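Quick setup: one chain, the form predicted on its own, written in structure tokens, and binding and motion questions come after.
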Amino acid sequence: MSFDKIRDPRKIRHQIGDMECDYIYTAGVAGERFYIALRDEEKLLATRCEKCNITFMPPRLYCDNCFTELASFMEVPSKGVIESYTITYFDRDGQALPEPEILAFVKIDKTDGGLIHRIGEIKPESLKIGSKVTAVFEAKKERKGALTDIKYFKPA
């Protein structure tokens, strides 16, 4: 086996077809607690590093700055502020959507992070950076333990 760079693209080999893979993605310990709280209690959980004074949303098990273990989870509001957004007119297959869809980064109140999610119940032309929003959850029987358990965020 050689570790030299391939400089001639004609020498690159590839295989066309499918490759079976039995890999299952897991959300990890922090992600699992976050999604179970969303599903069962309609709550958002975060973790806090007291040493660095950072509240992580979504929650993490270790601080990104000092690597301290973050063992305690805390409930945070299901409200936030739009820090950035985009409006999409096409679905992932390139087909026109019946109505434009707003996707935004919502900084969750009392945290240093947030979630990227849909924004509903507002016309795109009325939306502004800094708009306050609150989560709208799926009906309890419809929740699956996923980020989609939040249907969308709506103006607060």
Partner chain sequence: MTVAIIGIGCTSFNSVTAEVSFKEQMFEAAVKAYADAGVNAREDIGSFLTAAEDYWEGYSIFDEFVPDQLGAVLRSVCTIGGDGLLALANGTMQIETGLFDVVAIEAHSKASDMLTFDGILTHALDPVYNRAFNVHPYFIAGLEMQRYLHETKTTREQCAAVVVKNKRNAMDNPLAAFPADMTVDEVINSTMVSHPLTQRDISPLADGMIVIVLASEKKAKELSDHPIWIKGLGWCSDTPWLEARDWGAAGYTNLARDRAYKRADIKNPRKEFDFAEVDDYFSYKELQHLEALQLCEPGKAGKLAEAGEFNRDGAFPVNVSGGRLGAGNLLEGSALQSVLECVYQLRGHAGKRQIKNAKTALAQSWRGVPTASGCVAVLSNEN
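Residue numbers count along the first chain shown, from 1. Between two forms, the rigid core is defined as the largest C-alpha subset superposing within 1.5 Å. Nothing here was measured: the structure is a model prediction, and the numbers come from that model.
Heads up, the form predicted in complex with the partner chain isn't pictured, but that's what we're talking about next.
Checked against the partner chain in the model of the complex, the candidates E41, D64, E69, E121 yield a single residue with a heavy atom inside 4.5 Å, and that residue is D64. Heavy atoms of C49 never reach within 4.5 Å of the partner chain in the model of the complex, leaving it off the interface. Although the partner is absent here, T26 sits close enough that one of its heavy atoms falls within 4.5 Å of the partner chain in the model of the complex.
Taking non-hydrogen atoms only, D109 never approaches the partner chain to within 4.5 angstroms in the model of the complex. Taking the partner from elsewhere, V136 is found to have every heavy atom lying beyond 4.5 Å of the partner chain in the model of the complex. Of the residues in 70-106, those that come within 4.5 Å of the partner chain in the model of the complex through at least one heavy atom are, in sequence order, E83, S84, Y85, T86, I87, T88, Y89, F90, D91, R92, D93, G94, L97, E101, L103, A104, F105.
Positional change of P100 between the shown form and the other one reaches 2 Å or more at the C-alpha, relative to the superposed core. Relative to the superposed rigid core, A139 undergoes a CA displacement smaller than 2 Å between the shown form and the other one.
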